[in-house]
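Taken one at a time, structure 1 and structure 2 that follow are two forms of one protein chain, written as structure tokens.
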Structure 1
Amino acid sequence: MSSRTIRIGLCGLGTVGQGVWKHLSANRSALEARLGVRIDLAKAAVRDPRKVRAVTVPAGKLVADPLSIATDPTIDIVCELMGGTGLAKDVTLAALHAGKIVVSANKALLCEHGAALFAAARKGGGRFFFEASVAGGIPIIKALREGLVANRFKLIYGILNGTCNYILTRMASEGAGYPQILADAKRLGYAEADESLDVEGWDTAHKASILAYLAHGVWVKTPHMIVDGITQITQADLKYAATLGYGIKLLAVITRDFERNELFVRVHPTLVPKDRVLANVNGVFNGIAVMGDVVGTTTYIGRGAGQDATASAVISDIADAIVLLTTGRDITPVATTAGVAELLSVPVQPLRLSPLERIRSRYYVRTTVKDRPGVLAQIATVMARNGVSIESVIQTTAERPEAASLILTTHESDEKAMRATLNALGRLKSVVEKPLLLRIGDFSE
């Protein structure tokens, strides 16, 4: 082992930070032997240094100012594990400007400011590593940028939020209520500090943006995506979906049309046929299917949130950072569209974001209607007028008096026709509750 000591500063010692502290401390000797250096957990910054924590941090190592770690010339690697896009951005930029390596788990920051962070790293001579930002302990960033570097990616889709998958799984299997399950997800350290990021789909969208960047070299921001969360899904939907042969999963879907040079990024609850691998990825687990033109489909499954899984990903970045510091060996850079065009000496074709209404899918519609003669015919007429073909209908008694729940599935249609259908259904006097629209995802694996 060389006599070199690598000094690490953790900005944030919450769920993830404490996991990193705990596992780096426990496995220090093995990591030091593998990497050939001494590792010093030099400092940690927190908001409240008096808070009782599960890890013991020696006096003098705990500070209240994360910027002091980012700018400390004796710190080699800064781990930003606070979250948010305010102070976290300042800390990350300060460290990158100072030429340091930043390891981050912050997907919201990357989606919002990824281009600026990479530009700051290039300018300041720093590096930005972010394995923990997508899919917890699954090394999906490494897979896309290293293992699958030979491929072009027509389709990437998957379950990217552990909290939502945990909630949907327990709602389906136990019939437990949503508030209780969400409280458990928070207690277990799966949910974001602001849990609306999870359940409204934004966290999945941030992760989809990062995967789209890795696969296609462009940053897609959330206003250019469809982003629907799981808050409208009821236990009844999960039951009806199961009767129809599906599970409901919150999926990110990233589709590239190479002929038109277009990209779609969308996030929505999706009915997945029960015999598909992803329909059986349950609890806090995430699952991602990546279709490469050379390798075919590869699928990755593992814990997508929580202290230990996320610490595993952060420590893998720390190990890459140490290799870079000691040998100069860098990880494979992201292949930007401009970079690839330059390599091949072809003009850069700007990648367009496809109009979202062009998405084609089969659909599930749940609505509550007055239980009167002729109502089903009215619904069918509205759908027919919009060119939407019904595949199946289930009618059951609704909780309201003299009302019925209607669950329809359609043959393949497009977003534009479905939105027009939903608006028209919402205007019918016989429809007593706003209809819910879910997509049916029949991706071949």
Structure 2
Amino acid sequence: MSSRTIRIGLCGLGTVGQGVWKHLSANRSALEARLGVRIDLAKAAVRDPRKVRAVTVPAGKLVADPLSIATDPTIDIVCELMGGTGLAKDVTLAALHAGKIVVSANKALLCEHGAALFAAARKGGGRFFFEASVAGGIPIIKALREGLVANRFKLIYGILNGTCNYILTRMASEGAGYPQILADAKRLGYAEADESLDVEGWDTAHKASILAYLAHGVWVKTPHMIVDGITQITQADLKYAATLGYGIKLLAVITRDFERNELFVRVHPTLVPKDRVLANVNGVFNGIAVMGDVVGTTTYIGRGAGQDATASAVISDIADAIVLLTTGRDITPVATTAGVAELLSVPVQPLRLSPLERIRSRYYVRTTVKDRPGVLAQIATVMARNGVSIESVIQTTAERPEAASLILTTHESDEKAMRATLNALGRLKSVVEKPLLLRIGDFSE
């Protein structure tokens, strides 16, 4: 074994931080033998050093100020595991400016400040590793960055949030309502006390932004995405979807039009055909399908969250960082807007966001209307005026008195036309509840 000692500092010792400390401590000998170094868990920054934790950390290694770890010249690798975009950003930038390697699981920080973080790494000579920021234990970032580097990606789509997948899975299998299962998810630790980041789609959107950067080299922030959550999904929607041959999953969808050089990122509940792999990814598991122009479609499934899955990804990045420190061998650089074309010195144009009229799909629309003659004709007229063609209609009695539920599916249309259609439907006096719009994910593989 080399005489070199790699000193690691953890900024944050919450659920993930404790998992990293636990597994690094337990597997230290095997990792040291494999990597040819000594590993020293040197310091951990915590808010309250007196707090009782599931791991035992010597008191002398606990510090209150994470910035002291970021700027400590004896620390080789800084693990930012605090979360948030305030102090976490300051710590990460300080470490990168000091030329250190930073390992992070912070998807919100990357989504909001990724460009600044990578610029700081280039300027200061540091490196930024972030495998744990997307899909927990699934090595999707390594797959895009290394294993699939020869490919261009027309389509990437997947389940990136275990909380939402757990809720939708139980709703579909047990027939229980969203509020009851959300309460169970909180009790079991699958959902936070404030669940909005997960169930409203923002956590998935942050992860989708990172995947879009890796695949296409540009940062798409959430205001430029479509982001819908699962809070309006009902048992009726799940049953209607099943009748039509679909399951409902919250998906991130990243599409690239190489002819027009356009990109779009969206997050929304999606009807997925039951014979597709992702329709059968259940519980807290994540699943991601990547369509490459060379390899075709590859699919990755695994635990997307939790202490052990995320700690596994963090430790994987720590191992890569140690290889870089001891051998100078860097990982394959992340993709740029040019991708393979850049490697071949082919000039390319900057990527643009696709306009809504070029984001095409089939759609599912559920609306509650007054149960009287002529209402369906009104609905059909509104859709026809906006160029939307109805494929099928299911009408059932609604829970409200003297009301009916209309479930319509459309032939292929586009986001601009569907937005106009929903706005017009919402203005009809015969429509008594805001219509629900879901996309139908007939992804060609």
Ligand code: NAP
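So that the term is clear: the rigid core is the largest set of C-alpha atoms that superpose within 1.5 Å between two forms. On a predicted model such as this, the values are computed, not experimentally measured, just so you know. All residue numbers here refer to structure 1's sequence, counted from 1.
Note on provenance: structure 2 matches the form predicted on its own. Annotation for E112: C-alpha shift under 2 angstroms between the two structures, rigid core superposed. Core-superposed comparison between the two structures: the Cα of E262 travels less than 2 Å. Relative to the superposed rigid core, L356 undergoes a CA displacement of at least 2 Å between the two structures. Taking the core as reference, the C-alpha deviation of D194 between the two structures is 4.9 Å. We note a C-alpha movement of 2.9 Å at G175 between the two structures, with the rigid core held in register.
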